[in-house]
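Quick heads-up: it's one chain on its own, the form predicted alone, in structure tokens.
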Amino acid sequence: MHKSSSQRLPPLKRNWWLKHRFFKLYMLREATVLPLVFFTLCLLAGMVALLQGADSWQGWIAFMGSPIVLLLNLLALAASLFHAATFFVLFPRVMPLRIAGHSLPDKAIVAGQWAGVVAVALLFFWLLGRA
């Protein structure tokens, strides 16, 4: 049986999510994709510039060194770290880890994930330092 129009819930306003902290954080987390899209497009433009030759590459290097691009890339880094932090906190709830029949504490799982991020960053810094 279908509900009549008088029995339906009223439509939500466009800003309904602004009234709840949980939904604000969710929307912020989802919005972290926007600076990452810019960063990805910059890297793609760099690859195209590299294929087009030295002059194009130098133009891309100059573009990447401009203050607004540096600021947007810092924003992309902050967005990535925020996204990772929220993901790391959610991960133990979604996929609890067990060792020998015992659940690992959530804090240990999150700490392990951050240790992995630091290890990969140190590896990249070491590799780039050798180049």
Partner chain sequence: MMEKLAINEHGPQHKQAFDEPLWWSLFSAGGVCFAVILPAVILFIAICLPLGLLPAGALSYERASNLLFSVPGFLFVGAVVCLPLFHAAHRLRHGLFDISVGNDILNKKLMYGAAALLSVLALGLVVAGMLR
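Because the structure is a prediction, the values reported are computed rather than measured. Numbering follows the first chain given and starts at 1.
In what follows, reference is made to the form predicted together with the partner chain, a form of this protein that is not presented.
Original post:
Is Val117 close to the partner chain in the predicted bound form, meaning a heavy atom pair under 4.5 Å apart or at it?
Top reply: Close contact exists here: in the predicted bound form, Val117 approaches the partner chain to within 4.5 Å, heavy atoms only.
Original post:
Just to confirm, Pro105 within 4.5 Å of the partner chain in the predicted bound form by heavy atoms?
Top reply: Because no heavy atom of Pro105 falls inside 4.5 Å of the partner chain in the predicted bound form, the answer is no.
Subject >> Interface membership of Arg21, the partner chain in the predicted bound form, 4.5 Å heavy atom rule >> reply: No, Arg21 stays farther than 4.5 Å from the partner chain in the predicted bound form.
**OP:** Verify the contact flag for Leu81: yes if a non-hydrogen atom of it lies within 4.5 Å of a non-hydrogen atom of the partner chain in the predicted bound form, no if not.
**Re:** Yes, contact at 4.5 Å.
Original post:
Hey, which residues along 66-88 are within 4.5 angstroms of the partner chain in the predicted bound form, non-hydrogen atoms only?
Top reply: Leu70, Asn73, Leu74, Ala76, Leu77, Ala79, Ser80, Leu81, His83, Ala84, Phe87, Phe88 sit within 4.5 Å of the partner.
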